[in-house]
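Heads up, the chain below is alone and in the form predicted on its own; it's given as structure tokens.
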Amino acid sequence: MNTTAQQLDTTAIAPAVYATITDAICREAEKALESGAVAAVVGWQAGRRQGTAMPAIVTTPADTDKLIFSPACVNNLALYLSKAKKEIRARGKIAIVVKGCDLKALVGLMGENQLKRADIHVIGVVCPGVRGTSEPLAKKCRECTVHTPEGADVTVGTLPELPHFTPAESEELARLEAMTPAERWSFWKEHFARCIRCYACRQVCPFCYCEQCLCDRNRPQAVETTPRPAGNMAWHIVRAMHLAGRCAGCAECERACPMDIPLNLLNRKMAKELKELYGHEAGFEVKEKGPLAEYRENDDQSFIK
């Protein structure tokens, strides 16, 4: 859903926590621009509607007071540092404000040679959580393990004592795994049938940075591009496999989906499988290749019949 279309509604976390982080972000951004260390700062600013936020690129110290951090800062800004955003990268060294989940995406992009650590200045924010599409707190934040970003150049904010949240995504995944294969197939078939192929999921994903997507080609055509059941199923299976071992779990695809398809549930399932099979978790260290892109002599080959 559109990030600027919903009202801010936090009930569990004091607004003062976000205000303190906002002040610190503005100070760090101003310092970085004044010193000439960076050419621009990618962060969030207030949206046109009260209580909303949207991505912002600030290039002068005077404009840094526009930057904010609030529960409305849902966008994963790592999206703006892939090679698909050449106009931003062309400015020079860039500072970027990131939540812990966003930093995981940055780490993944570094592993895929999309950017170099020396070319960015990372302002990490201690994030108590952001809102969801229909909840005061996003489902991913209810079981977040990266409230405090690790590896940023500077980290601002202090994590408050958080209440206990029910792990909604884990419960959904458990329900999915308890289904029979036929029930799971029906589950996804029903959800994917609603897809209108707007590709919002692709456009907000930091890892969908190809200048031409294989699924857009028609000579030859790999995936039917019209919103029909067979093409929809193929698109989502291809995308899930493409992201397996790479997805940072920011859930932007699910947030942006106008048809409320639980895309992050699929990504979480893939991530869980890769952790169990290969001990791999995306976004915690810079790796050139994920488990599905690397072959080892001692790989388990028992699946070959």
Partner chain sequence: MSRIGVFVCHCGENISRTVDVERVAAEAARLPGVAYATDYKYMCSDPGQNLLKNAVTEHRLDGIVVAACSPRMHEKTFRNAAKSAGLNPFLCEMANIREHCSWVHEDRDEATAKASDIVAMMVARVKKDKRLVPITVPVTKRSLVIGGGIAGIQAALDIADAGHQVVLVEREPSIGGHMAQLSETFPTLDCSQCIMTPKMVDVANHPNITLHTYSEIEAVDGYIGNFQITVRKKARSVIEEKCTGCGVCSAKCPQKKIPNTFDKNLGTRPAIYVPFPQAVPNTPVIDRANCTWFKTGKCGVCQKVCGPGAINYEQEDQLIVEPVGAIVVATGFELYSITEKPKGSPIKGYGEFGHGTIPDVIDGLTFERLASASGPTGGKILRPSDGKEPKQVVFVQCVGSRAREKGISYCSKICCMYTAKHTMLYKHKIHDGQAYVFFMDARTPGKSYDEFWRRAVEEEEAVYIRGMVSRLYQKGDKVVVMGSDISVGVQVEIEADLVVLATAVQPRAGADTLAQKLGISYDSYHFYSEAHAKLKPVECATAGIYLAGACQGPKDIPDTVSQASAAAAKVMTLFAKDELEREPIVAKVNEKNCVACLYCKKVCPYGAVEEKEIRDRQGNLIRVVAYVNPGVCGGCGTCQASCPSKSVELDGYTDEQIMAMIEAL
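Keep in mind the model is a prediction, meaning the values are calculated, not measured. Numbering follows the first chain given and starts at 1.
The protein also exists as the form predicted in complex with its partner chain; that form is not presented, and the subsequent description refers to it.
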Please determine whether residue 111 contacts its partner chain in the predicted bound form, using a 4.5 Å cut-off between heavy atoms.
yes
Can you work out whether residue 159 and its partner chain are in contact in the predicted bound form, taking contact to mean some heavy atom pair no more than 4.5 Å apart?
no
Report yes if any heavy atom of residue 285 sits within 4.5 Å of a heavy atom of its partner chain in the predicted bound form; otherwise report no.
no
How about residue 80 - does it come within 4.5 Å of its partner chain in the predicted bound form, if we only consider non-hydrogen atoms?
no
Counting only non-hydrogen atoms, the one stretch of 99-107, 150-158, 220-228, 127-135 within 4.5 angstroms of its partner chain in the predicted bound form is 220-228
Let me know which residues along 204-218 have a heavy atom within 4.5 Å of its partner chain in the predicted bound form, or say none if there are none.
209, 210, 211, 212, 214, 217
